[in-house]
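Take a look at this single chain in C-alpha cells; it is the form predicted alone.
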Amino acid sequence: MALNDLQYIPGVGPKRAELLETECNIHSLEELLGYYPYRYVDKSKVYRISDISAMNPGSGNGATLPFILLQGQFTIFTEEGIGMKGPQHHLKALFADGTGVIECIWFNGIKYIQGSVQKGREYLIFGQPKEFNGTYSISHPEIEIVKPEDDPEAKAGLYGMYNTTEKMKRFGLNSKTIQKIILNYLQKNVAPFAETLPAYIVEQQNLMPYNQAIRQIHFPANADNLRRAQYRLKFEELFYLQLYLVRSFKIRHQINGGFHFSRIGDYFNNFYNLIPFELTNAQKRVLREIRADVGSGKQMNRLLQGDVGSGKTMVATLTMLMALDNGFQACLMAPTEILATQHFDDLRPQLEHVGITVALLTGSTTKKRRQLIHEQLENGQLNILIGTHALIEPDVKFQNLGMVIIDEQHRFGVEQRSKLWTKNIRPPHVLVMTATPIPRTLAMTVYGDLDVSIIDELPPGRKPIATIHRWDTQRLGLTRAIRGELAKGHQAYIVYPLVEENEKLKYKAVEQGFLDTQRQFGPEYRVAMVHGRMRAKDKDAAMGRFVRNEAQVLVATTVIEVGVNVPNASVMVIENAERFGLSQLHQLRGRVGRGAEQSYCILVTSDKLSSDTRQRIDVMCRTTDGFEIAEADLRLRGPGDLEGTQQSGLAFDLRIASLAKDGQILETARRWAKEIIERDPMLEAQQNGILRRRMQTLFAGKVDWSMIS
C-alpha cells in the first residue's frame, strides 16, 4: 500500500486520512498499525462504588486512586457557573450503582454530555477517582453504553484506548473509531505480517513474533499476551535505535584516526603539582579514561557529565595540557562571553605560572588584539585559546590544534561544533562538558555514539544547599531572610522567568522585580540587573559589579544559569518557580553553594500548583543530587528535545518505549546491537539482511550528525 493510500483503508476515507496525517503524523498503514493504545481498560472487571474507599484506606484529602471501571446510572445533572470562564463553569452529575454514589465533573464538552447522556440509562464509566473531604469524584470519565450480553464487545477483556485530538473527535475520529478501523483491517487481512527482526534474535531473546505482537498490542487476548507484545515492540524500537548509534560510533572510529598523545610531560606535571587540593577519585578516574582515549591512536569524542561544582573545569584544563605536552594547541569554547571571560580570568594566572600562553577571543575583542591572536595562533606562540562562537570563524587558524573542549555543549548547535573539526588536517580530540546531569538511559540514546564519563562526586567540605519552598503570600518573611544573609556580608540572586510583563500570564517581569527589589533593599544595599535583552557591554558591566561585590543583589533572568561563579553569593531566590523545569531549577540553584558558608535556594510559587509542579518542587526540596533530579525530570516531562539541534538525537520518535521506564530493555537492546556490529559492522552477513533493509527504511533521509562530535 502506497504512503498516500491511507484513505482507502475501510473506515478512513479522504477527510480522516488528512486528519490522521495532520493531527497524528500517520501517513501509511504501517504507521497506523504503529499507533499503539496508550492505555487499556479491563472490561472483565467492573468495580462497585462501595469498593472505592477500601482501595486506599486512611488516605485523606487529595488521594488519587487507580483508574477503574464502574457500571450504573446517572441520576442528577447540575450545571454551575453559567456565563463564567474557566473552571468556574462546569457540569456535575451523580452516578449511582446501588452500592453508593460518585460525583462526575466536566469542564469541557458540557453541551455534548448534556445532549448525549441520559438519566436512568445503564452506562459504563472509566476514570480515576480522587478524594476530597471524604467524597470521591471523577473528572471527565470515559462513558459507554452497556452492551447486550450477546454483543461480542461485551465479552471483551482488555480494551485499547487511543490518543485523539478535539479536532479528530469533531469529525467522528475518536478512540473507538480508530480501534474499529484497525480491527476491521486485521480481521480482513489474516496473512501474517513479515518479521522485522532476524530469527536468531527472536529465538534467543524469546520474543513474541512480530505478526502476533502487532495484533496483540491492539487486541490483547489477556494480560500476559499484552505484556509480551509490549516487550517485543519496545525491544525492537530501542534495538534499531541502538543499532544505528553503535554502528555510527564504530564507523566513525574506523574513519577518523586520532592524534596520538604518547606522553605526559612537564606542562601537565608542573601544573598538577601546583593544585592546592587533592582531586576527587571521580576526577582521577575520568582523567584515566581520557588518557586512554588520546593515547589510543583513535579520535576521542567524549561527553563529560558532572554536577555543578564537581570539578569539570579542572579535568578540562589537565586534558588540554595533555595536548600541549605532545606539541599540540588546545581551545576551550564557552556559550557566553561572561563564561568565556570567567574561564580566562580563572585559568590564565595558573597556566602562565607554568609557562603556558593563553588568550581570550570573543565578540568584544578589539580588531588589533584579534589580529595579534590570529598571528600567534598560526605561528604556534599561543598554546591555548579560550572563547565563544568567535573560535569557529573561518579566519581563526591554528598551527596544530589537537584538543577541543566545549563547555555546556547543549548551548551550541551541532553545525557550530562541527566547524572546529576543520581547524586541523585531521579532526582534533573533542571533550564536551555539561553540568546538566543526564539519566543513564537518555545518555545511552541521545549520546549513544559518544563515550561518556561521569564525575559523580563533589569536592570534600561542600555544605549541601538548603532548598526551601515559599508561597507568594509569604513574602515578608522571605525579605527578612534575605536581609539576614546580606547583613552577614553575603550576596543574593533573585531570578525571574520573563523579561517584560505579560498580561496574559500575569508573571512578574524582571524589570518590575528590579524596581521592587531596589525599594525593599536600597539604599543600604545596591541592586544590579541582568537580562538577555540588554546590550552585551551593559550586561557584562552589571555582572561585573556583582562579581566584585559592588552590588549585593542581582536581579536576573536565566542568563545567569550557566557558569557564573560568585562564592560570596549564598541566596538564590527563584520567582514563579513553577515556570521552570527541574533541570533548569537545579542549574540555577548551582549558582550558590560555592563558598564555605551555608547557602539557600528559595523556590517561590503561587498557591495554585498542578500535581506535576508539586512533585517538581518536592524533588528540589528533597535532594541536591543532580542525577536523581534528572531522572525525576525524565519521568515527569519525558526526554523532550534535549538538544535543540540534537547531537545524534533520537533518530526517530519512540512510539511505545519509554526512556524513563524501560532502562533494562534499552540495555539489553544495546548489548545485542554492540555484539552484532562488532561481528558485522556493515550488516553484510546473510542473516543480517533483514537488519540492513529495516535500517534503510527507518533512517531514510536522516541527516547523519554521528560523524560529528
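Predicted, not measured: the structure shown is a model, and the values here were computed from it. Numbering starts at 1 and follows the sequence shown.
Not pictured, yet referred to below: the form predicted in complex with ligand ADP.
The contact residue chosen from T313, T365, S139, Q520 relative to ligand ADP in the predicted bound form is T313, the criterion being a non-hydrogen atom within 4.5 angstroms. None of G265, G157, P209, G309 but one reaches within 4.5 angstroms of ligand ADP in the predicted bound form through a heavy atom, and that residue is G309.
Checking 103-111, 528-536, 313-321, 466-474 against ligand ADP in the predicted bound form, the stretch whose residues place heavy atoms within 4.5 Å of it is 313-321. With a 4.5 Å cutoff on heavy atoms, Q283 counts as touching ligand ADP in the predicted bound form. The closest heavy atom approach of N565 to ligand ADP in the predicted bound form falls within 4.5 Å. Although the partner is absent here, F171 is not a contact residue: none of its heavy atoms lies within 4.5 angstroms of ligand ADP in the predicted bound form. None of the heavy atoms of E203 is located within 4.5 Å of ligand ADP in the predicted bound form. Heavy atoms closer than or equal to 4.5 Å to ligand ADP in the predicted bound form belong, across 273-304, to the residues F277, E278, L279, T280, Q283, ordered by sequence position.
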